[in-house]
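Below you will find one chain, with nothing else, as structure tokens; this is the form predicted alone, and questions on how it binds or moves follow later.
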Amino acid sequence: MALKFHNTLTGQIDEFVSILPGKVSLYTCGPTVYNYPHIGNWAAYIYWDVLVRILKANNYDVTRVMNITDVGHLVSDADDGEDKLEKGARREGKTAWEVAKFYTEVFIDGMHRLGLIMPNEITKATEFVTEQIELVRKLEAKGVTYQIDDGIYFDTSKFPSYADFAHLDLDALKAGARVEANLQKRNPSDFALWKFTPAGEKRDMEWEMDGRMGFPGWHIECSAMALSILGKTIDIHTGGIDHIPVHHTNEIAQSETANGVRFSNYWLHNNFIKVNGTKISKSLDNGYTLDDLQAKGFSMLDFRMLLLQGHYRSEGNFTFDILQSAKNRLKNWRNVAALRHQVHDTLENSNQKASDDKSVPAYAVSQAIIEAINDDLGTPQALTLIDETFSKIANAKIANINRSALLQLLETIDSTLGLQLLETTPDVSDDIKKTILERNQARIQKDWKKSDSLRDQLAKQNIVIRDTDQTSIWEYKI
């Protein structure tokens, strides 16, 4: 099956065709590093990790850039209010630079904990100020900017297709202009390219432009970084659905005005997740962090499993009951993965075909998983396929399980979904294997007292024994 994505640009499922054969340029809107990211923030990066994995599974060489917004993201999309980094600095009694450094490190650590594939380049907005100023000057030369008291703005009336991407009702915006905070703006949708430091103030983060100190607008940052590294037109741009009407619409306007070509061919947007059916908010104190999940006994892979159970474009819901179910599902999968240590390829099962009633069609499922994810990152469908196959494997006779096919299936699951089944299911020690053999011998001799004693001994080492008609299978207790 060809690789397909729901493209916000066209509003439909489009077959993916890269600009250069076998290569993909990908830009991901990264975090604003002023506080601890919560599980709703992390959801996007897990979804886009699956995107990178399925591109690689289709033999694409992926060049991915993700930004760190460490300046310029105001608390309001209307280009007013204070910079989130300055706000964080005041909250913590630190400089904005110190806040940005600390929460950048927190975020990078979280990416590693979640097992995410790291982008080729992680770019900080503060390290691309020169490129941002150059882009502003380029737009000035195009005659699409104007200056007012608090900064330099993009005149959206000069970009005729401004409303198209997000299907904006600009007339409605104009009707509400009487409550617009900045009455100097020509149009309510106009946005700041560069903000001036207010007279008499000094910011932690500010740069000189045309003799005045100031800082970049949030939107110009992403355009400058993407264009500088990936080129004038990129293959895929990702972000949350909240980016569509403002941030990504503005990126398109300034990028395409500057260069005269399409900015990105494919736009992918993830939906939000709620907590207990409610929007994540500070007032409800439901913005759980990765540390919060871990403190309650859940792993990062349990959380990944929870997210993969839903589709990236559907609104998700988080509860600790759902997380427990995901944890149980992952535990069952790991016990199937552990069977690879207990089965062997024999002449009989290695020659069996996928259609043979005595065999488990693990080879065919590997391709089916890739095809499911190829269809607009269909992770729920992929998980259903795995459940069905693992159920057959768990209930099959040991002699009918082809170890090579199972191993290939596990490798496919890990490479596409990042669930680390192979890494988290090591073989048991030789001492444990010896104990299992002793217990099997005790059962043959009907020495039930010794058999039960050895079972209890194994349980203390977190190994559970499941007896079948043919043999005993060990599983992980936790």
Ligand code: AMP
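From 1 onward, residues are counted along the sequence shown. Nothing here was measured: the structure is a model prediction, and the numbers come from that model.
Just so you know, the form predicted in complex with the ligand exists too; it's not on screen, but the next bit is about it.
Screening Asn270, Ser189, Gln132, Asn250 for any heavy atom within 4.5 Å of the ligand in the predicted bound form leaves a single hit, Asn270. Taking Arg329, His73, Arg340, His311 one by one, only a single residue has any non-hydrogen atom within 4.5 Å of the ligand in the predicted bound form, and it is His73. Remark: Tyr45 counts among the residues lining the ligand in the predicted bound form, judged by a heavy atom distance of 4.5 Å or less. Among residues of the shown chain, Asp387 is not one whose heavy atoms approach the ligand to within 4.5 Å in the predicted bound form. With a 4.5 Å cutoff on heavy atoms, His38 counts as touching the ligand in the predicted bound form.
Although the partner is absent from this view, His243 contacts the ligand in the predicted bound form, with a non-hydrogen atom inside 4.5 angstroms. Partner contact region in the predicted bound form: 24-32, out of 24-32, 415-423, 444-452, 50-58, criterion any non-hydrogen atom within 4.5 Å of the ligand.
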